[in-house]
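Shown below, as structure tokens, is a lone chain in the form predicted alone; questions about how it binds or moves come after it.
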């Protein structure tokens, strides 16, 4: 069967996944309290960022420790458009995606000449440079103080149709359509000929080149696509109240990578499972620790410690992640 004939089935499959995802999130969100609704909104935002890691590292094999920096590009672009030019978030966020894509193209040009630890080190340096850039151009980025920006409140047409949601619930409703669109495109991409091409580069660059794949050009393309996802996640993440260096630290890039590895770095389903784990794990740990008398200092470090242990155990015992079996079943 030709690739053209397969395309409709790929689109239908991706569409079914997306519709199920939307219904499930709305159903779960409706049972949550405002605090948990805000957490679920963060899950959706992180999920988009983790998808960028899945595409870049899991599918094409390019190691990046700087996805948080690309999130910052999206966040700062959105904040500047909304605060300086009073642009609606529904316009500012898509515009920020373009900015992140341009940044990804520049990074991809450099990545085409690098691989392995050299690429990881380069992207890490970019993530470390965020505070320096923010402080160097204080008049624009406001340094450590950051740019205040938030998701705002729902328009009148929304409240007339669905009633007045809480602020946390509105955060969830804003993040959901973007997460659904990201899921749809990621699913299409991974099932497409382009996705298979990127997998061939990941598995064996030389063999892919002999098969006629221009892997240098494809590396640039994959960085652009992954950066668009990261920029979208960063734009939505900044709408939680503030855009500044403290919002996009180096730890954010590591959190995205941790979520991808825990869930299954080559799986979209794994990206979501890993995201749920890293977002809700601190609360789950607190529920368990409430039964023990531990000092506040020890309690504060337990989430990071347990996350690290889970990451090590996953890499050693089950490198495919929580969703690894699901991934291999549908590969």
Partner chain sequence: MDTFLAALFSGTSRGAIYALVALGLVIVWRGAGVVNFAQMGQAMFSTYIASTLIQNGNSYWVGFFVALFAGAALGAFLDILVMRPLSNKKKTELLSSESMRAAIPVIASLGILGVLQALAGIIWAAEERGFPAPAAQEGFTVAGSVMPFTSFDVFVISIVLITLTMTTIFFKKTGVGLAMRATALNQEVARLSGIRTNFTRTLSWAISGAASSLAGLLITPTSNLSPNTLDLVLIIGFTAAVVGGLDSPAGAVLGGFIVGLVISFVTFYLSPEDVFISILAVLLIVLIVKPRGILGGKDSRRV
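Keep in mind that what you see is a predicted model, and the values were worked out from it rather than measured. Positions refer to the first chain, counted from 1.
Here the subject shifts to the form predicted in complex with its partner chain, a form of this protein not shown in this document.
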query: Interface stretch in the model of the complex with its partner chain - options 30-38, 44-52, 280-288, 260-268, non-hydrogen atom within 4.5 Å; finding: 260-268
query: Residue contact check: residue 121 to its partner chain in the model of the complex, 4.5 Å heavy atom; finding: yes
query: Residue 9, heavy atom within 4.5 angstroms of its partner chain in the model of the complex; finding: no
query: Proximity of residue 91 to its partner chain in the model of the complex, heavy atoms at 4.5 Å; finding: no
query: Exercise: residue 140 in contact with its partner chain in the model of the complex, heavy atom 4.5 Å; finding: no
query: All of 65, 116 and 311 with a heavy atom within 4.5 Å of its partner chain in the model of the complex; finding: yes
query: Option touching its partner chain, based on a heavy atom within 4.5 Å in the model of the complex, out of 181, 95, 129, 105; finding: 129
query: Partner contacts in the model of the complex for 167-204 (non-hydrogen atom within 4.5 angstroms of its partner chain); finding: 202, 203
